[in-house]
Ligand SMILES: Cc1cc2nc3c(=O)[nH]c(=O)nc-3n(C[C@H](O)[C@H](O)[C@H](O)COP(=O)(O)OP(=O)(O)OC[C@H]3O[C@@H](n4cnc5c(N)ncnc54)[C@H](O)[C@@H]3O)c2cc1C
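Below you'll find only one chain, the form predicted alone, shown as structure tokens.
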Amino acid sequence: MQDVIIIGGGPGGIAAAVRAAQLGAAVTIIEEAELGGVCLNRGCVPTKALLASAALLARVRRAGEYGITVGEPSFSLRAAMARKDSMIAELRAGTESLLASYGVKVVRGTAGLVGPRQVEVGGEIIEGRAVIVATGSTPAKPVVDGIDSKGVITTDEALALEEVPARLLILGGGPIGVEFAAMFHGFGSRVTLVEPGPQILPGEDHEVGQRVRQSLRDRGIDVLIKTAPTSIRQQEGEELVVSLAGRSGEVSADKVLTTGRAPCLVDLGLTKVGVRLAGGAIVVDDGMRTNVPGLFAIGDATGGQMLSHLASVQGLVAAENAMGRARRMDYRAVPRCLHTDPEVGCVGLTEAQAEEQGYQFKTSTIPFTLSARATTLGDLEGAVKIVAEARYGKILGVHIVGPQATELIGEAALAIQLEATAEDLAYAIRAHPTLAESQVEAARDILGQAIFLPKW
């Protein structure tokens, strides 16, 4: 008898296993593929490794701006992929060692629930006092005529390409689509990004979507909004022709990349044990409990924001509750990041969400052109935006497009979690010159006290 059985060895499952073991549990993880899940093997880590290659390539080409003379750099996708694979292997080995250090048993195979607290794998039934479902997500293609044509690939396949496609059409302008657009454009592809909604990065603040769209277009990426594919057909050879609704004509491409994902729940036996589902995802409460006692679910399997760092915290919450403690999820301060150029980091409410929730609020946007540090770095694109409650100045959301946004957003996440006000941030001392000063200046502007905004 195990105390906790975890189905899935991704970020959420690993965090749950370690936390449960810290609390004295006997823990078993069941994983049918590689430890680390989508994030380590086919998501966060490989994409960021390749984006780092694209960013460095672009920076080398700008070396002359910094007084450095270099020749025109060459790029090898095979070499970049090999670097990515080496990093993944090293991190996966570290994960195995981590679990071993806590005495977590790893069972390889496909799991299926035969009872609320019984899991079958390889013909063997493992019983536990609690079960945590952490099966992650899988690529999901849209329903479009010709979607199964040769040359239509998922993100999994894109991360294994050996040659840069000359023309790449990406379906979906969410975070995944935008990162792949930036990546392959950096490698030399002619990229077209297609988004059915009114802005790319739907769900983010409208200014973020506008800034990122303009940045992509300035770099030569064709961004099409309010349009979607109606059909895909293969011409002679391997050329693909995509017909788009909402615009005349067609777009030709060598590869078409789909970016959708869906919870991975097939053949898990959830309906057999009575687990409630909605929209193809497992329904949980704020303690990550399903409607079935003793059965928890975390991460992409629960739908919503499919973020590895969110899954990790959900894993901690589920593990503590599985071990008899009382812990609840707080979703107010979940960072959302893109490692594009410029980077994007967002947390909390957008303007639209603040309005929907009935807040009276103020906003401030401070461009990085006012930052001495951004000037010295040569990265002036973007801005810091704060959304704050009007009466007391409570910070509701922070949205950053610009240099090191993915790191800067951590301070904003902590501010929201601690219920900080604009005044708290406005009178916080930051070193000069640093990028962090821009958040302080945005908070000052909420109070009408900005130092570096000209008085017109």
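The first residue of the sequence shown is number 1, and the count goes up from there. None of the values given here were measured: they were computed from a predicted structure.
Keep in mind the form predicted together with the named molecule is missing from the figure; the text below concerns it.
Participant: Go through 41-49, 385-393, 415-423, 62-70 and give me the stretch that gets within 4.5 Å of the named molecule in the predicted complex, heavy atoms only.
Facilitator: Flagged stretch: 41-49.
Participant: Any chance Arg213 has a heavy atom within 4.5 Å of the named molecule in the predicted complex?
Facilitator: Contact with the named molecule, no.
Participant: Using the partner position in the predicted complex, report whether Phe180 sits within 4.5 Å of the named molecule, counting heavy atoms only.
Facilitator: The answer is yes: Phe180 has a heavy atom within 4.5 Å of the named molecule.
Participant: Can any non-hydrogen atom of Glu411 be found within 4.5 angstroms of the named molecule in the predicted complex?
Facilitator: The answer is no: Glu411 has no heavy atom within 4.5 Å of the named molecule.
Participant: Answer yes if any heavy atom of Gly136 is within 4.5 Å of a heavy atom of the named molecule in the predicted complex; otherwise answer no.
Facilitator: Gly136: contacts the named molecule in the predicted complex.
Participant: With the partner absent here, would Ile132, Val292 and Val317 each sit within 4.5 Å of the named molecule in the predicted complex, counting heavy atoms only?
Facilitator: No, the whole trio is out of contact, none within 4.5 Å by any heavy atom.
Participant: Taking the named molecule in the predicted complex as the reference, which of Ser189, Ser308, Thr350, Asn321 has a non-hydrogen atom within 4.5 Å?
Facilitator: By the 4.5 Å heavy-atom cutoff, the listed residue in contact is Ser308.
Participant: May I ask you to choose, among Leu99, Val275, Ala111, Ala354, the residue with a heavy atom within 4.5 Å of the named molecule in the predicted complex?
Facilitator: That would be Ala111.
Participant: Does anything in 7-24 come within 4.5 Å of the named molecule in the predicted complex by heavy atoms, and if so which residues, in order?
Facilitator: Contacts from 7-24: Ile7, Gly8, Gly9, Gly10, Pro11, Gly12, Gly13.
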